[in-house]
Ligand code: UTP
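Only one chain is given next, in C-alpha cells, and it is the form predicted on its own.
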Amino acid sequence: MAVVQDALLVAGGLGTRMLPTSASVPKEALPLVDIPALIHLAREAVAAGAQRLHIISSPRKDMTALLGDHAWLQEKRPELDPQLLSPFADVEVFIHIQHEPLGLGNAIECALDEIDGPFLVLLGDNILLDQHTSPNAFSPSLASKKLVESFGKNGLPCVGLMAVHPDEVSNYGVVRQEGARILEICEKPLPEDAPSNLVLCGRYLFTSDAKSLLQQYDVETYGELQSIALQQHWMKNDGLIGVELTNFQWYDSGKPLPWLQAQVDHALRRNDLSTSFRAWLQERLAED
C-alpha cells in the first residue's frame, strides 16, 4: 500500500473575519498562546509521517518570516523545544499560490502536480489538539496520524470527524454513516434535518485519484462544493471512511470569539499555565 508522504496545509484564505489583524499578519501566524497556528499544523503533519509539506497560500500573503529557521534564537531560550524554532527543518516545503478563493477543491488542485500518491489535507484555521503541552516540551497533535492509520488498514480515503452540539450542526458539513463508512454529507443542515452531530473538522486523507476526479468535478461546474463532489464520488464507489476524533479540542482561528475562547481553554489545560491562569481568571470574574 502507498505511503502517505505529502501533506497540504491550506492557508489561502484572506481571513476577512479576523480583520484588521489579518491585513498585516497571516491568520495562520496567529499564536495559540505562544505557538503559531501553522506550526501546530506542520508538526502534526510531520508526526503523521509527512516528508513534504505543501502550503497553499494567496498572492497577498507573505509567509517568509513564518517559514524561516530561527534556530539561532535557541541560545536566547535554551529551554524551548528545538522543533518550534525550526519547524520546517526536517521536511521539504513547497509554496503554491491559489490566485482566487475558489474553495477547497481548487486549493488542493494547486499542489497536485507536485504530488504522486495519497496525501493529507489540513485546513489552516483548524487546530485539533489532544495534547496541551508547553513550548518547553512540545508534543504535536495526533489527529492526522489517526487518519494515516485508518488508511493503512483499508486503503480508502478518509475524513476526520468531531461531535458538536446539535444546535451547532448548521455551521458544518454533517455526515450520515453506516459503521465507519460515510453515506452522505449534508452541508449546513437545519438542526432538525441533520443526520447526526458528527461534522467535518478540517482533516482529510485523499487518495491519488483525487487529481483526475477534481478535473472531472471541475470548479467551473461545482464551485466551492467541488471537494464535496469528490467525496461523494468515493462514497458511491469504493468508499469514504469517517475517523471520529474523540478526546480532541477543536480550535478555530478564523473568527475572533472562537479564537479568544481557544486561548482561554488551551491555557487552562496546559500544565505550565493552568494553575496561575485559573487563579487569575477566578479572581477577575469575581470582580464582576
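Numbering starts at 1 and runs along the sequence shown. Note that this is a predicted model, so its numbers are computed, not measured.
Keep in mind that the form predicted in complex with the named molecule is not shown, yet the notes after this line are about it.
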query: Proximity of D125 to the named molecule in the predicted complex, heavy atoms at 4.5 Å; finding: yes
query: Contact label in the predicted complex: K27 to the named molecule, heavy atom within 4.5 Å; finding: yes
query: is_contact(L183, the named molecule) in the predicted complex, heavy atom dist at most 4.5 Å; finding: no
query: Contact flag, A210 vs the named molecule in the predicted complex, heavy atom cut 4.5 Å; finding: no
query: Contact stretch among 78-86, 170-178, 134-142, 103-111 - heavy atom within 4.5 Å of the named molecule in the predicted complex; finding: 103-111
query: Partner contacts in the predicted complex for 10-24 (non-hydrogen atom within 4.5 angstroms of the named molecule); finding: V10, A11, G12, G13, L14, G15, T16, R17
